[in-house]
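One chain comes next, on its own, written as structure tokens: the form predicted on its own.
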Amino acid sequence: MAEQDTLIEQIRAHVEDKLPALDGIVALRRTSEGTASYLFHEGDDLSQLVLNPRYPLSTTVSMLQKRFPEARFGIVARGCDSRALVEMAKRNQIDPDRLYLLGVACTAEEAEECHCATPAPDIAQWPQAELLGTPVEAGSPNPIVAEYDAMPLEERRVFWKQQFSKCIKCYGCRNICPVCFCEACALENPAWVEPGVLAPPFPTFHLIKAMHMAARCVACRQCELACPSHIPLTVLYDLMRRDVGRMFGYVPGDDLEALPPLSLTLE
């Protein structure tokens, strides 16, 4: 706890130091009304800046850059935030040249909780970036993935049918996802997903989402954390990410210069 307290004080000091040169820095702010993403300006009360609960701040950066195309913003970013920003930059959702990234290394406990392979931002690929905190080893792989791999095909079908039958089609997994930004969502197209039907027809809803996440998912785990039905969505996306790596040698969020193999939005 003392280490985390020291880290948050370092972050606040760095934010205070950088704010005069920027149009604001996106981070989490905690008030009596709750915790949410916030654009800190020079003179704001930085004692309200916090790191938890985790939230995909990259989406806020994208909205701000589109609304203010000449502005230069900063972001307090964990490893998953940084990876999301990499994929967003490739799809013209953010401009890395107008972004200062204050990277924060997750703790060993946080890396283990998320089974995170890269719990610190790779600041070397960003035009303007710093890293605070001590990078730790990767968390252990998700044990449910190993259990799934050991299942015969029919058991795998039963596993997903049981999991997806719990879905209440709240769209929480889509809404929280930092790399889910289509202007027209296929999950709201009645030709694919019939309105008013719970649970959505197996397995269309979640397979459409998974298809769109191929070569995009950055393992932030937000979809699973947001799911009120506790569906282990990260298992599905871990498997998708593994297949993309094996087939195309591509790791989402790993390299700002690497072209995404399945994108139709690039020239």
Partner chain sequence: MTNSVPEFSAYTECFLITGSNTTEAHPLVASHVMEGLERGAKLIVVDPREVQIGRLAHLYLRPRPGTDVAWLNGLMNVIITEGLADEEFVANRTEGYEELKQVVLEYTPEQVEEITSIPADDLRKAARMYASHKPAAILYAMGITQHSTGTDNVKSCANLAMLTGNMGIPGGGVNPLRGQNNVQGACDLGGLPNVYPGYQKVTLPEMKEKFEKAWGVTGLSDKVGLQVTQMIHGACDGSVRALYVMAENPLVSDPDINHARHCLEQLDFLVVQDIFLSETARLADVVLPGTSYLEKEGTFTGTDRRIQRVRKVIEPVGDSRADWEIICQLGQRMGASGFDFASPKEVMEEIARLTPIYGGVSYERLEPENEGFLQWPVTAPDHPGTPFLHKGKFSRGRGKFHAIHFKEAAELPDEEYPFILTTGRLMFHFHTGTMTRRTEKLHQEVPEAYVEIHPADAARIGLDGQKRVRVSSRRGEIELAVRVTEYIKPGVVFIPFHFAEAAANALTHAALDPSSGIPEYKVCAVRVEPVSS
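From a predicted model like this one, the values you see are computed outputs, not experimental measurements. Positions refer to the first chain, counted from 1.
Beyond what is shown, the protein has a form predicted together with the partner chain; the following relates to that form.
Peer 1: Quick check: do C167, Y171 and L198 each get a heavy atom within 4.5 Å of the partner chain in the model of the complex?
Peer 2: Every residue of the candidate spot has a heavy atom within 4.5 Å of the partner chain in the model of the complex.
Peer 1: Using a 4.5 Å heavy atom cut-off, indicate which stretch of 212 to 220, 48 to 56, 226 to 234, 63 to 71 touches the partner chain in the model of the complex.
Peer 2: Careful reading of the contacts points to 226 to 234.
Peer 1: Is E188 close enough to the partner chain in the model of the complex to count, meaning some heavy atom within 4.5 Å?
Peer 2: Yes, contact at 4.5 Å.
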